[in-house]
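Take a look at this single chain in structure tokens; it is the form predicted on its own.
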Amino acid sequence: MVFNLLTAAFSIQWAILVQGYFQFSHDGKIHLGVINLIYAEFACAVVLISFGAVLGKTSPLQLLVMALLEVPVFAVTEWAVLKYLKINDSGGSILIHLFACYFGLGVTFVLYRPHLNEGHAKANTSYQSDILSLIGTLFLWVFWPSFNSSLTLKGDDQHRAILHTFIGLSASTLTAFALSAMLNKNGKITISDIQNVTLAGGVTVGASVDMMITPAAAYALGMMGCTACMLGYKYLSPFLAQRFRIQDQCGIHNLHGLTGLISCAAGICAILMADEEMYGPSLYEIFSHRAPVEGDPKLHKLQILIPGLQPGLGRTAREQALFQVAAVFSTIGVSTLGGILTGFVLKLPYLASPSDVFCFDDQLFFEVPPDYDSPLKLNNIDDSAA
């Protein structure tokens, strides 16, 4: 929690400067406003997602250096994708979830520790830590609709974004409880499952959150995302650690990578199906790059119906979908490469990386009370007795 606070405070301030230079700089000055803060918070979210892959086996200094390097890579990628590919990504499935996931996996690939595959005594949870984690999950659950809708157009688009996110989260929550009991050999609910996968629905509706996908589709996406996330935690994460040197400490590949890919696929399908019959003139507000180009007589007619409508690029649905695909692959490629290079920087000896023995140990970096690990000791005693 303290490392999250430290890294978040640094990342937001650093992102305001870096993103300001690329996106909000005019006449040699960075113009600040609420929109800058929103974009900076998204950049901060990217860092906090990414470092989930290496949390517990890195020092505070390493995490700050990771944030220092990741924010510029993210800012340049975001600027290039939005400026040149011009995609629809209201919920951040491509530029936030996929970028953060594969950047983090690139870092943890380089920082691979073979002995941690055998387990670590302090990597276990306790009743108290599970309750605290669940409180964090509840906070994210409540605020996820505002996250997905913050950059959508005011009015119907924003309403759809909030409703679709709430429906997706509800679906993934119910599915999480069902799958947790089904996959447990005793038929009981596992609290770690509820912490990890109930948020999947918020990610899977992200790419199409402001589009007319129907509530049923949002519900189905929530169920699909939760199922993929749950199976990823149970089976894929151990496989990646053993076979591909990817030790994903917090399972970011499951909650942000797999669900992000599902979300992108759903968004591309929604774009291909979008037409004037379904959306009316608002089609060219939601998909602004499909609006007619300057000088097209159709643009003048649309501007009478929608005052303030800007000229677009005249893209077809198929062309817009192809640009979405290009954004997915380019973002994954750049983020993975950036993560690998950052991992090599973090391996430098003077960044105070903890040894395997002191991984997941607060005592190495904090003044702690004598009984700080008593819940863990009690948990280990109970496991031994069982």
Partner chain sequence: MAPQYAPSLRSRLAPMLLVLQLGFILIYAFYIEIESNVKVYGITFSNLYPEFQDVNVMVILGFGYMCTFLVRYGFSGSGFNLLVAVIAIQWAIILNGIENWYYRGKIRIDLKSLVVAEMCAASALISIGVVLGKTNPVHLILIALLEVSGFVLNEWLLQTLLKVPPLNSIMLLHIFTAFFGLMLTRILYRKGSEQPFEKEKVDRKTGLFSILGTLFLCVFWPSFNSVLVDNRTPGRRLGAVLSTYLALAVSAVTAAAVSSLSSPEGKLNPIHLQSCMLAGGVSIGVSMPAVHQPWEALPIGFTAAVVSTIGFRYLKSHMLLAFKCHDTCAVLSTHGLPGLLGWLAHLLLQIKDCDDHNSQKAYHLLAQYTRRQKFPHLAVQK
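Residue numbers count along the first chain shown, from 1. Only a predicted model underlies this, so the values are computations on that prediction, with no experimental measurement involved.
There is another form of this protein, the form predicted together with the partner chain, and it is not shown here; the text below is about that form.
Shown alone, this chain has one stretch from 289-297, 133-141, 73-81, 268-276 that lies within 4.5 Å of the partner chain in the predicted complex by heavy atoms: 133-141. P215 is the sole member of P238, P215, P281, G314 with a non-hydrogen atom within 4.5 Å of the partner chain in the predicted complex. The contact residue chosen from I306, A178, A123, L231 relative to the partner chain in the predicted complex is A178, the criterion being a non-hydrogen atom within 4.5 angstroms. For the three residues P145, H159 and A171, a heavy atom within 4.5 Å of the partner chain turns up in the predicted complex in every case. Of the heavy atoms in L163, some are within 4.5 Å of the partner chain in the predicted complex. Interface residue remark: R243 is not counted as part of the site for the partner chain in the predicted complex, having no heavy atom within 4.5 Å.
Taking the partner from elsewhere, G119 is found to have every heavy atom lying beyond 4.5 Å of the partner chain in the predicted complex. Interface membership of P114, defined by any non-hydrogen atom within 4.5 Å of the partner chain in the predicted complex, is ruled out. Of all the residues from 175-212, those having a non-hydrogen atom no more than 4.5 Å from the partner chain in the predicted complex are T175, F177, A178, A181, M182, N184, K185, N186, G187, I189, I191, T198.
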